[in-house]
Structure formats: structure tokens, C-alpha cells
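A single chain, nothing else alongside it, follows as C-alpha cells in the form predicted on its own.
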Amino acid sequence: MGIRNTALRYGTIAMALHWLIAAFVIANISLGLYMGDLPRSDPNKFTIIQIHKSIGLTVLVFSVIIVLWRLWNPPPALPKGTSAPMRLAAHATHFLLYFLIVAIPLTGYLLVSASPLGNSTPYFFLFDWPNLPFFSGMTREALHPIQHLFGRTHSILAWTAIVLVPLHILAALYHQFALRDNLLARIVPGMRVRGDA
């Protein structure tokens, strides 16, 4: 299996980024739902929030890389015989997923950066990840509506992912095991794709 994508399957870079981002997104959605129900007094809440932020920043970096990689190294075409409506749904879903994996962590980063506290993120408690500089010097009163906007947007996008990610997984399983068109096998390391050398 090569580094680059081929006509039949994704390469190792696309596979690695896909599965790393998927794992981080699912972990962060789970953490986000969990910490949302924690009282402010919970002694673990600060640590959980910092891990959530660190994972989000990691997803943001990996997402920019995978978008650039996809532009430079296009993915395999959809299987022959895929109907026009299914092609449209696949392209729309992939576009929305790519948008979400960039927009969700970016709005989170903007939310943290617009905090009146001005605290940087202790990235996995290894070093301080700086905030975006756009909001420095703004008053608490000016920051409050901005932070609320980014917080609301971050939440809406996250809930969109909560709906879309399971649909994406179910569609991949349907293609692989009902339609038997090797769609899932193309992105899973070690799975054989018909026509592979």
C-alpha cells in the first residue's frame, strides 16, 4: 500500500489522518457531552475541559492537513454503478464532514480566545497553546456577545456532527456489506479491495 491515493483505494496518509480524526472527533463529542453535565464544582471539570480543548486543537491541525492533502491527492472515484442521487448524497456528506472537522474546532478555538479570562490552553499539559490575538484588549462587555456567538455556533456544529457521523458510518457499512462495492475497504488498512495487486 502506497502513501498516495490510487484509483482503487486511499493511501496510508489519507487512511491515517481519516482514522485519527475520526477517533479524536468521537472522543471529543463524548467529552463535550460528559462535561456539559458536570457541575462547576466538580474537581475534574478543569482537566476534562483542557483535554477537550487539546483534542480540538489537534483535530483542527489534522483537518487542515487532510483538506490540503485531498486537494493535492484526490480520493478514489465512487464505485461504478453508483446512482446519481447516491453520488450527490455522498459528495454533500463528505463536503459537510470536511467543513465540520475544520469549523467545530475552529469555533471552539475562537470561543476560548474570546474569553475575558484570556487564559491560554495547556495543550495536553505539555505547553501553553496561545489564543488567537484578535480579541486582546477588548472589554468584558464587548467580548460577552462574541463569546456567546462562538459558543452557540460551536454547539450547533457539534450537534450536527453527532447526527452526521453515525449516518456516515451506517452508509459505509451499507456500501461494504449490503451493496458489496468495497467502499469501506478502500479506507481500512489491511482490508482487501477487488482489483488490488
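Each residue number is its position in the shown sequence, starting from 1. Quick caveat: nothing in here was measured; it's all calculated off a predicted structure.
Not pictured, yet referred to below: the form predicted together with a small molecule.
S.K.: Could you tell me which of 29-37, 133-141, 64-72, 167-175 sits within 4.5 Å of the small molecule in the model of the complex, going by non-hydrogen atoms?
M.R.: Stretch with heavy atoms near the partner: 29-37.
S.K.: Within a 4.5 Å heavy atom cut-off, is residue 160 in contact with the small molecule in the model of the complex?
M.R.: Result no; residue 160 lies far from the small molecule in the model of the complex.
S.K.: Would residue 97 count as a contact of the small molecule in the model of the complex, using a 4.5 angstroms cut-off between non-hydrogen atoms?
M.R.: Looking in the model of the complex, residue contacts with the small molecule do not include residue 97, since no heavy atom lies within 4.5 Å.
S.K.: Give a yes or no for residue 112: in the model of the complex, does one of its heavy atoms lie within 4.5 Å of a heavy atom belonging to the small molecule?
M.R.: Yes - in the model of the complex, heavy atoms of residue 112 and the small molecule come within 4.5 Å of each other.
S.K.: May I ask you to state whether residue 155 is within 4.5 Å of the small molecule in the model of the complex, using heavy atom distances?
M.R.: Yes, residue 155 lies within 4.5 Å of the small molecule in the model of the complex.
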